[in-house]
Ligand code: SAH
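To begin, one chain is listed below as structure tokens, in the form predicted alone.
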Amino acid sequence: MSKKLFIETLGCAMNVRDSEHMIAELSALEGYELTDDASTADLILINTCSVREKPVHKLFSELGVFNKLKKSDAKIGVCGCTASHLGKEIIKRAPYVNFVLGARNVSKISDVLHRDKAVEIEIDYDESLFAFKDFRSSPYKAYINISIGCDKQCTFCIVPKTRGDEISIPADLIVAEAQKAVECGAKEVFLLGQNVNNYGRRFSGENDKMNFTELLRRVSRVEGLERIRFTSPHQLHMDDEFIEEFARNPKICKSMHMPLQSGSSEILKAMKRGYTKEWFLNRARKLRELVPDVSISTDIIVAFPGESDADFQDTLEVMEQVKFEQVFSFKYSPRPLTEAESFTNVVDSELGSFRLSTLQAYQDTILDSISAALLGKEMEVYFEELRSDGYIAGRSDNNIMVKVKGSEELLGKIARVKITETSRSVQYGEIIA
């Protein structure tokens, strides 16, 4: 009988891809098969996020639950960003944990499995050339890492301390991975990196000089590939060449994630984001001009230390001008190992909560207007998820979630859909071609 693996993934798309890598290695080298029932698993993994405080608290809560329901001889491993920054502290707080594996050490999963209380959390470990075995959560979409780590020094962000300095993965490996995904049935690839459009700044060996725009051109030449998505670009590196390639390349999906963080130039300076409110608006305006149907999403932090009422109004003003199709918004929480943790000009917690609810309510009004305008529109939708309610779900080129009545015969296909019912988060339609 094969051994069973249960894995819970918290956090971003890069964590999802890291989990896929660990599943692939454990399946090929150790004979594990996935299960969705932790009580039957021989190995339980939690792949963690530490960008905000809440997922860290959730980790120890989940560990306690898994320890109670697991088989007596089952192992528990903690992986990912929280593993990187807490290390041995995790085992001290939860002695039943068998090993800790940092976000920059994914390729060591088979090794730590056999070393009780192993802690591997080097953030300068280089996995950029490691040939992972193959596993994908979906046959219709392939996540592909194009870089590891982050060179930015944003004062609120712990990622450089958990994922280390940025290293780009050679383009040949990325293109080969895209080709393999297409051969296995995927029509779409999702390129991943902390700052994807900073690609090519540093390789671990000798490689042809190449920026992200050229990488997009290379990937788009893969025969049979129909859609390319990526996250997250940084506004600082959104030059005209990049935006123009985004606009004219038909394989690049017309959705862009632009993490604003704050609409105030003063707060952006305190965050060390490297751009101003005016620069962000300039880039967003150019995108809208060249691609009228582009969907722009963003991240926003409210109540960052020192944020005044005027600073918060600047953020609302950017929202009004850009009209984001999606906003991921959070109240600032200090993270360990970050510069902002020591800032003393803290915003009152109740005021921060008020600003967050105000911002979210304001975004809802924007979404109501955007969704209402979609009624009757036609769009090409790539279907990739069968729902239990008789619907099948997919996304348009510009990342709008669409559901239609349908069966698994639609999975992996692109169809033309007319929107017949709208809402803030998902649109409903009928297939017309």
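Numbers follow the displayed sequence, beginning with 1. Owing to the predicted nature of the structure, the values given are computational and were not obtained by experimental measurement.
The discussion below concerns the form predicted together with the ligand, not included here.
- Note on contacts: among Ser265, Ser333, Asn211, Ser204, the single residue with a heavy atom within 4.5 Å of the ligand in the model of the complex is Ser333.
- Of the candidates Glu245, Asp165, Glu317, Asp299, Asp299 is the one whose heavy atoms come within 4.5 Å of the ligand in the model of the complex; the others do not.
- Using a 4.5 angstroms threshold between heavy atoms, Cys157 counts as touching the ligand in the model of the complex.
- Interface residue remark: Val51 is counted as part of the site for the ligand in the model of the complex, having a heavy atom within 4.5 Å.
- Contact check for Asn105: every heavy atom lies farther than 4.5 Å from the ligand in the model of the complex.
- Using a 4.5 angstroms threshold between heavy atoms, Pro259 counts as touching the ligand in the model of the complex.
- Residues of just one listed stretch (133-141, 325-333, 71-79, 285-293) have heavy atoms within 4.5 Å of the ligand in the model of the complex: 325-333.
- Residues are counted as partner-facing when one of their heavy atoms sits within 4.5 Å of the ligand in the model of the complex; in 268-294 not one qualifies.
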